[in-house]
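Presented below, as C-alpha cells, is a lone chain in the form predicted alone.
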C-alpha cells in the first residue's frame, strides 16, 4: 500500500473504510459533501458528513408508479437505483434568489446573489453524469451563460459510481449513458466485495487521495469490474429504440396515442421535477409585508403547468394532450436539434415517480409501431 498521489487514468484499489479518509480530505478542502442517504423511506441526495450517512445495506425496488425501500443487509454502500432527487437541485436549485431590492431612505439598494457553494457530489451515476453534461450545454455553451450555474458547476467535485444495480425502470444502455461512467468525473468508483476500485479522472481527484492508502489495481479487480458492468447491462428493466426517433415523433403529431396517454396523465408535473435534465423555470418578484424589500426569485416550472404556456391572447397548450405531446417530443425529438443530443438519459425517474405509471419507453414504442 502507498499514499502517494495517483495520476489521471490510473486504476487503484482502496479498502472500503479508506473512503472516510477521502471524505475528510474533501471537507478539509472546504467541500460540502452531498450524497445518498436514507430519509422518509427513500434514498435521497442531501448533505452528509461521513461514510455512515450513506445508505449502507439498503436498496430499493422500483416500477412504474412504485418505489419501495428495502433493507438488503449486505453491507454495501451503493447498491441502490437512483431516487427522486437528482444533482440538478444543487447546480440549478428549485428556488434561487437572483437579487433583492431594499428601500434605503429615498433610494433603493440592490444586492445581487453571489452565493458560490463548493459541493463534492458523492455517488454520481453514469446516467446522471450524462444529464449534467446536457445541462452544461444548455447553461454554459450557448450565446448566454447562466452565471449561477457556472459558479456552482466550476467548483463541483464529482465522485462517480459505476452502477451495478439497475432497476426495472432503467434504460441507460439504450441511451448510451451507463451503467459505466465514461467521463466528466474527478474519481469514479466500483464497489467490489471487500474493496473499492477507483479510476482517477483528474489531477484534483488524485490529489484528494494523497492521504489514502492505495495499491495499483490488478487484473482480478479490473476483470471483476468489467463483469459487474456486463451483468448490469443485461439486467436493464427497459429499452428504448432511438433510431430515427425524432423524425418518427415529429411526423406523428396527430397520432391517436396522444389522446390515449392524455386520458391517464394527471398533468401533475412529477416527471419534469424528478427529471435530471428538464430546466423550465419562472421568475417571480416577491415583496415583504411592509413593501420595503423585494426579491426576484427563479423557481422551477414545468411545461405541464397550464399557466406555463399561457401568453397574451390565450393558452398555446390548453389541454393535457398538448402538454404531454410537447414534453415527449421536446425530450426525444426537438431537444436534439436545439442541443445536439436527446434530452433523456435513461434514468427511469419519470416512470417510477409518475403516479399513474406512464412509461416513456412504451409511449415512444407505441407511436413507432403504429406510425401513420
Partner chain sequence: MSPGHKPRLAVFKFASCDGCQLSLLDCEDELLAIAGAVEIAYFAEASRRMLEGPYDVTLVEGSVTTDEEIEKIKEARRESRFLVSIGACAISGGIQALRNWTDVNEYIHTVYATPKYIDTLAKSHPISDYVPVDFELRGCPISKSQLLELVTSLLIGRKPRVPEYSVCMECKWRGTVCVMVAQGIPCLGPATQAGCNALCPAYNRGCYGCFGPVETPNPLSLGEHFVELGQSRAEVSRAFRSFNGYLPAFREASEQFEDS
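Superpose the two forms; the largest set of C-alphas matching within 1.5 Å is the rigid core. These numbers were taken from a predicted model, which means no experiment stands behind them. Positions refer to the first chain, counted from 1.
One more form of this protein, predicted together with the partner chain, exists but is not displayed; see below.
Undergrad: If contact means a heavy atom within 4.5 Å, which one of 52-60, 340-348, 36-44, 22-30 is the stretch that engages the partner chain in the predicted bound form?
TA: After filtering at 4.5 Å, what remains is 36-44.
Undergrad: Between the options 242, 162, 224, 270, which residue brings a heavy atom to within 4.5 Å of the partner chain in the predicted bound form?
TA: Checked against the cut-off, the match is 270.
Undergrad: Quick one: from 236, 229, 262, 175, grab the residue that has a heavy atom within 4.5 Å of the partner chain in the predicted bound form.
TA: None of the other options qualify; the answer is 262.
Undergrad: So, residue 14 and the partner chain: in the predicted bound form, are they within 4.5 Å at any heavy atom pair?
TA: Output for residue 14 is no: heavy atoms all beyond 4.5 Å of the partner chain.
Undergrad: Tell me, yes or no, whether residue 95 is in contact with the partner chain in the predicted bound form, where a contact means a heavy atom of each within 4.5 Å.
TA: The answer is yes: residue 95 has a heavy atom within 4.5 Å of the partner chain.
Undergrad: So, in the predicted bound form, is residue 48 in contact with the partner chain at a 4.5 angstroms heavy atom limit?
TA: No - in the predicted bound form, heavy atoms of residue 48 and the partner chain never come within 4.5 Å of each other.
Undergrad: Is residue 301 close enough to touch the partner chain in the predicted bound form, meaning at least one heavy atom pair within 4.5 Å?
TA: Residue 301 belongs to the contact set for the partner chain.
Undergrad: If you look in the predicted bound form, which residues in 352-366 sit within 4.5 Å of the partner chain (heavy atoms)?
TA: 352, 353, 354, 355, 356, in sequence order.
Undergrad: Superpose the two forms on their rigid core, then report whether the C-alpha of residue 183 is displaced by 2 angstroms or more between the shown form and the other one.
TA: Not so; residue 183 is displaced by less than 2 Å.
Undergrad: With a threshold of 2 Å on the C-alpha, tell me if residue 103 counts as moved between the shown form and the other one once the core is superposed.
TA: Yes, shifts by 2 Å or more.
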